[in-house]
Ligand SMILES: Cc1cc2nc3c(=O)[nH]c(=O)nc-3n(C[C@H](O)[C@H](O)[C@H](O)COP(=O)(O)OP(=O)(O)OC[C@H]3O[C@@H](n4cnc5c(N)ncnc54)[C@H](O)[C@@H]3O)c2cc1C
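What follows is a single chain, given as structure tokens, in the form predicted on its own.
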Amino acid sequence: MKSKYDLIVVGTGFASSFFLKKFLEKSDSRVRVLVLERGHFKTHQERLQQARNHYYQENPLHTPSSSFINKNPKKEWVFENNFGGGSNCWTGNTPRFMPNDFRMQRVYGVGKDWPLSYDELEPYYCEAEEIMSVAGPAQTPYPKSQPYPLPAHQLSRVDKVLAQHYGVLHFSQPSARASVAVGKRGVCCTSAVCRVCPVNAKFTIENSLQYLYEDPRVTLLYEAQVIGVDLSGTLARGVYYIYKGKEETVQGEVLVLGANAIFNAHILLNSGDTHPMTGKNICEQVGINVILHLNGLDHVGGSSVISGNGYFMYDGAHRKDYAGCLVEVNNGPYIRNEFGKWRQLVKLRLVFEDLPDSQNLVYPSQDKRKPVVDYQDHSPYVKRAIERLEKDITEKLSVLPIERIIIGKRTLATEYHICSTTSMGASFTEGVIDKHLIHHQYRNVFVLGSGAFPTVSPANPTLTLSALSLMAADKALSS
């Protein structure tokens, strides 16, 4: 292994891989890249077998709780720390953010504005959708300059009623679950076991971007956990990592932190980063399950596990007072335990945005390999939305023949999205990193992923963080 590289990349998940793809496309044959992956490579077949062996165990493949210290056991933080990162355990949901998500303070007087606009990111949204072969509809509530690469999945009967009533605000969920066979990926089988797709239909780094790590310019080292960055003045000189029980160092001209929002912040804090916002504001969306018993309407049809996205509770003037909400229509194989009404029900997941709060922290422990996550509570902003949930459902879903509404007794322990610990801002005082994901103080350090988000949209973050990585690499190599 070389003693110095042009680029050192931490991690192999969405953020790192999309950055690396753009970087390699724009670099010549002389560039040398080192990728440090703390985990292992597990093939799709190995994951399938492991899932079969642990069928009744919740989250058997991707809850590495031993890798960090959780001060609030009621709040789970779920991630995958092997090759491909979250692409191995995600469901494949890829809706875009809305334009107002980037200007919450300006439009609604809450949260913070992003230092970039929807329009700036839109070309990279298109590029990320192309890379993932996203299946989506022709009409969406957010502007699109290009159509989705694959045709939309079919709507269920419930979705069709909502779409007829709400128009573009209820549509087939955009997803990286293939609607037609593409590359190494089969067609979505609608069996609702998406964490390890049995037919390899959803996009993963393994089935679509593994070739990046086979490029002769790239050296990939497994079981190498980065614990710190060698910071000096306004630059970083290299990274510290643990490999086979020993601490090693390697130098690099440019460093890319592509771990998740917990570990990116932890690496910086371990390194002596004193930015007042580093490690603060950890948060994610807040989810709650709702079941509707229907009268005479069977919830059938639909060609994917989440058949529809409802944006009719998402954007609008209500966001001045309480959180916006994305409605997901679940198309899983469940039944209602009443004769003759087996399919006359629908399960919804309501996903609310939340406002980052500085009382929710990531900070180092005495073990330099393990960060501490200290999450106090959700914000009053999202609590107000949940308090009025029954009223809003009754009103917004009145177009459906509802017999009974059953709202989950508590919010879900996780939405599987970790955000906002290294948030971006227009200046050093407003954020840890700039709009191109470069640290405001250390100008050769990129900090990728959803930790960059100044606010947390109701929509799934994966497409947005991938688009941000493409933009960051593109702009850095164009300057």
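Just so it is clear, the model here is predicted, and its values are computed rather than measured. Numbers for residues come from their place in the sequence shown, where the first is 1.
Keep in mind that the form predicted together with this ligand is not shown, yet the notes after this line are about it.
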| query | Is there a heavy atom of K112 lying 4.5 Å or less from a heavy atom of this ligand in the predicted bound form? | reply | no
| in the predicted bound form, A259 touching this ligand (heavy atom, 4.5 Å) | yes
| request: Examine V432 and determine whether its closest non-hydrogen atom to this ligand in the predicted bound form is within 4.5 angstroms. | output: no
| task | Using the partner position in the predicted bound form, report whether Y148 sits within 4.5 Å of this ligand, counting heavy atoms only. | result | no
| task | Have a look at W90, Y375, F102, Y124 for me and say which one sits with a heavy atom within 4.5 Å of this ligand in the predicted bound form. | result | W90
| query | Looking at S271, S208, N81, N360, which is the one with a non-hydrogen atom within 4.5 Å of this ligand in the predicted bound form? | reply | N81
| said: For the interface check, one of 113 to 121, 224 to 232, 382 to 390, 402 to 410 should have non-hydrogen atoms within 4.5 Å of this ligand in the predicted bound form; which one? | reply: 224 to 232
| field | Heavy atom distance at most 4.5 Å to this ligand in the predicted bound form, all of G11, R38 and I267 | value | yes
| request: Scan 402 to 418 and note down the residues that get a heavy atom within 4.5 Å of this ligand in the predicted bound form; none is a fine answer too. | output: Y416, H417
